[in-house]
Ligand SMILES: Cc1cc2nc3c(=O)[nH]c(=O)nc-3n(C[C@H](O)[C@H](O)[C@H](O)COP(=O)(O)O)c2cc1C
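The chain below stands alone and is given in structure tokens; this is the form predicted on its own.
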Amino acid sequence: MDSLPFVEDVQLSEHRKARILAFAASARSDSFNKKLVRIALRGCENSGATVTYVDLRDYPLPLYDGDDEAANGLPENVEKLRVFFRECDGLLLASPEYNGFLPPLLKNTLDWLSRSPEAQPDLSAFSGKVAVIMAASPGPLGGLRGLRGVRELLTNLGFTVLPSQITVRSAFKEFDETGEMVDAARAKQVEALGAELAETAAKLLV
């Protein structure tokens, strides 16, 4: 009788790093949320995850319009972004707050990504993945109100959004000219949230 492989050998052969997709829901080049998400990405990397950072400014999309979709199909950038979502195990998202709500850039991007080439609903790029959300804002609440809508939206799409989140208020005072946080202890908290996402996603791979 042939011998069976050791359990440890099977686990090692099947093991791979968690893949984390990260972006900020802001197009502004000097966005506080772009700075915030990059700091959190360090925590992902330090926990052994493979990370991909995407700038939505590089993937512009028209306002979602069903007639446009029916006539022209999905924009090319939808399919490019869909690849990133399908290949990730976890999502790290920093979102600004516009008048107390989530930004239209995020909603519009995810609306397009929830459509299939056959003009039908398609949540396959989101379902079963974990997510962490955070926000930075010049206001006194740090984008807290907007994150309520972000959490609900991601949950509706099929993400499991971890309970932990971070908000950074008075963000114009919290980052230096290099994009680092002036409070090193606060930066460690942001990195820890990224690490939590990476570790959770990795556990789900087993």
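In this text, residue numbers run from 1 along the sequence as written. Note that the structure is predicted; figures quoted are calculated from it, not measured.
The next section is about a form of this same protein that is not shown, the form predicted in complex with this ligand.
Margin query: I need the one stretch from 76-84, 107-115, 91-99, 122-130 whose residues put non-hydrogen atoms within 4.5 angstroms of this ligand in the predicted complex.
Written below: Result for this chain: 91-99.
Notebook entry, point to check: So in the predicted complex, does any heavy atom of residue 139 sit within 4.5 Å of this ligand?
Noted result: Output for residue 139 is yes: heavy atoms within 4.5 Å of this ligand.
Check: Any chance residue 167 has a heavy atom within 4.5 Å of this ligand in the predicted complex?
Finding: Result no; residue 167 lies far from this ligand in the predicted complex.
Margin query: My question is simply whether residue 26 lines the interface with this ligand in the predicted complex - judged by any non-hydrogen atom within 4.5 Å.
Written below: Close contact exists here: in the predicted complex, residue 26 approaches this ligand to within 4.5 Å, heavy atoms only.
Next item on the list: Answer with yes or no whether residue 159 is in contact with this ligand in the predicted complex, where contact means some heavy atom within 4.5 Å.
Entry: Residue-level check for residue 159: no, no contact with this ligand.
Margin query: Residue by residue through 22-46, which ones have a non-hydrogen atom no more than 4.5 angstroms from this ligand in the predicted complex?
Written below: Counting only heavy atoms within 4.5 Å of this ligand in the predicted complex, the contacting residues of 22-46 are 26, 28, 31, 32, 33.
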